[in-house]
Structures are given as C-alpha cells and as structure tokens.
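Okay, so here's just one chain, in structure tokens, the form predicted alone.
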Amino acid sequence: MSVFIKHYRPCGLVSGFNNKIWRYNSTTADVATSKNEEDEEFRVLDILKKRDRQQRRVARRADVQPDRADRMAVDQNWGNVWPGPKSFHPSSVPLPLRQGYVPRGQAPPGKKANAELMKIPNFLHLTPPVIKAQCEALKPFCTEWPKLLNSEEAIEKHYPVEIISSDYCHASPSIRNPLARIVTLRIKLSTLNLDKHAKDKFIRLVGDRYDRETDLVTITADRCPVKKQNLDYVNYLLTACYHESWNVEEWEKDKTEDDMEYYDWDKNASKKSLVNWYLRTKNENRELTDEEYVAFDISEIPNGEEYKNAVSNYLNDGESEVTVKNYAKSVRKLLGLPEAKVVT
C-alpha cells in the first residue's frame, strides 16, 4: 500500500511543491503471498455450493470415523430405544412420520420440528414384539383358564355377578377421568335363591333396575370419588336388598287378596272353581279347606297349567288381543272344545 502526499504553501513569493511518497507494506498480505502467491484474486461468497461442502464435510467425518453408522441397525431392540410412553423425538424414530393439516395437494409436515406429533400421547413403545415380550414375562404370574368354563352358560352358572367399569386414556393435566369411577353390577334374578315372597319383595326394592324381559338386575353407582368405593357400594346394595327381601314384617301377615298388587291365581277363586269342576268330573263331591285348595297340584288337571297362565296374564298384563286369544284358547282346551275357526 502506497500513500502520496502533496505539500503546497500558498501566498509565497516562490511557489513550489514538496512531494513525498510513503509506502506501507502489510505483513498479513506478505504472509499470505508467501504461502500461496497465486491467490491474488478477491474471494467470492459461494452460496449455491454450500450443500456440496456439507457433503464433503460428512465424507471427511466418515473417513475419520469409519465405524460410525448413520442408520439404526436392522436387529435393534426397539424396546430399548423407546421403553415407555414419552414425548415424540424425531431422531429416535426411524420412520417418515407426517402429521398436520395442509391445503389440498400438499404433503403434511414431516417429523422434524413437528409440534403436532409432540402434542398427543403416542403408543410407539407398544409394538407387537414388545407386547409379546411383556406377555411372556407376565405368564409365570397367571393361572391357567379352567377347562370346565368352556361356554357362556358355564361361566354364568359359576360366576353370576358381572361387574362393568371403564378406564380412560386422555391428554389432561390430571390422570383421573371422572367417568372412570362409575361401576355397574348386573345379575340375573333367577340365579338368586329367593322364594315367591322374597322375589316379589326384591323386585319392589330394586324398582326400575329390574328388566322383566331379560331377567337382569342392574345396579349402578357413581356417588363415590374412587372406583373401588363404588364397587364396594354396589356389592353392599345387592347384599342389603337380598337379605331385606327375606324379612317378613308383621303387617305383611295381615295382607289380604285385596291388598295384593298383582293377581295370585293360587290364592283366588279361579283356582277353587277349577278344582271343584275337576273333582265333579271325577265324581268326587268333597269339600276342601283353603290350605288344601292352595296346595292342590293342578298338574293333575289336563291343560290346567295353560289355563292358569292365561288367566294370570289376562289380569296382570291387562286386556289385549293377545291375552284374550290365549284365554279363549286355554278354555276350549280345558273343556275339550274344538278350536275356533277364523272367518276371513
């Protein structure tokens, strides 16, 4: 580098110039020139070939570390890489996952820097090989399924009580779901050891929780905050209703036929009339007591059971086309009359 300085003094009698020249030399330039004398041009910023330089850098690293693998091994145990539920990590998952909404015609965002993949809980740790290994680890703690319980009827016979509950997995600040505390108990009324009085009282205690068509008693509890508490509560309700149905109060002994909520054919005049008619057909003119009328076995009377059911359904279920037809049909069979012809 050279500097030219011109010194001029005006208003002098003798005009003159005093010129001086200084030259500055850069030590850095001298060193660079001594290293590479051919590199005299100005360096240009190369933007387009940046990717090529990165590839060369990766190649140099591979030369320095030839044992380093860029991909996950084929026989890698995935359970060791992703042992449990955790947030999504793109570098640990060797899958081209995509998630996110984009306009039509475009591909969803990839797994790198994808906030949608990290929002939701994932089940990447529950792969089929991992589940199989977990099942094998749990087998020593399990008992073999009984061979006699090979049908639904056998299961229902030996285990009549059915407990229904639900578990939920959701993204929330709390791991507890308020719906998970609900417990439902179901049992068939026919599996309970109840007599006629106890069965009638049990049905009245449970109310609309009993379905006559399916013979199922359904008790649901959700008042307690924990599922275990609601389970104990439904078991307590079933036990309390069962034992209470066997209790006979003093006022129940004074109950007459007019106080009954349903028609009991065995204790009404319809059975007495049928028994008297049957005895007269056999030429047995004898008088029976009320206890003997109630204890009389109507299976001895031909078509007596069908007549009993028809009368009971007619008075308990109400008058309808079906109940009237069944009643007329049972009376004709009882009296030995032919069936009525339907005129179309």
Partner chain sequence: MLSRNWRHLCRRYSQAVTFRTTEASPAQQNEKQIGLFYTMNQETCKQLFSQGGFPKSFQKQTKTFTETAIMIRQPALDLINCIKSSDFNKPAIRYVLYGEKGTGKSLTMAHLLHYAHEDGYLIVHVPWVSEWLRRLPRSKEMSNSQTHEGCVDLPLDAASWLLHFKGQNQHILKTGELKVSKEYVWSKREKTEAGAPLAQLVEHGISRVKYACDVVDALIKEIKTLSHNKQCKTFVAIDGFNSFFYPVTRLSTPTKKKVKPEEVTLTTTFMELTKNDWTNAVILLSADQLAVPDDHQESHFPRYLLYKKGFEHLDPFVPVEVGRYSEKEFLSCASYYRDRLWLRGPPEIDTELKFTSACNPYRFMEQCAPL
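Numbering follows the first chain given and starts at 1. This is a predicted model, so every value here is computed, not measured.
Omitted from view is the form predicted together with the partner chain, to which the following refers.
With the partner chain omitted here, the record of contacts in the predicted bound form names 265-273 of 150-158, 216-224, 265-273, 186-194, defined by a heavy atom within 4.5 Å. Contact with the partner chain in the predicted bound form, defined as a heavy atom within 4.5 Å, holds for exactly one of E300, E319, E305, E292, namely E319. A residue is said to contact a partner when one of its heavy atoms sits within 4.5 Å of a partner heavy atom; Y314 meets this definition for the partner chain in the predicted bound form. Although the partner is absent here, T281 sits close enough that one of its heavy atoms falls within 4.5 Å of the partner chain in the predicted bound form. Here the marked residues K132, K139 and C142 all miss the partner chain in the predicted bound form; none has a heavy atom within 4.5 angstroms.
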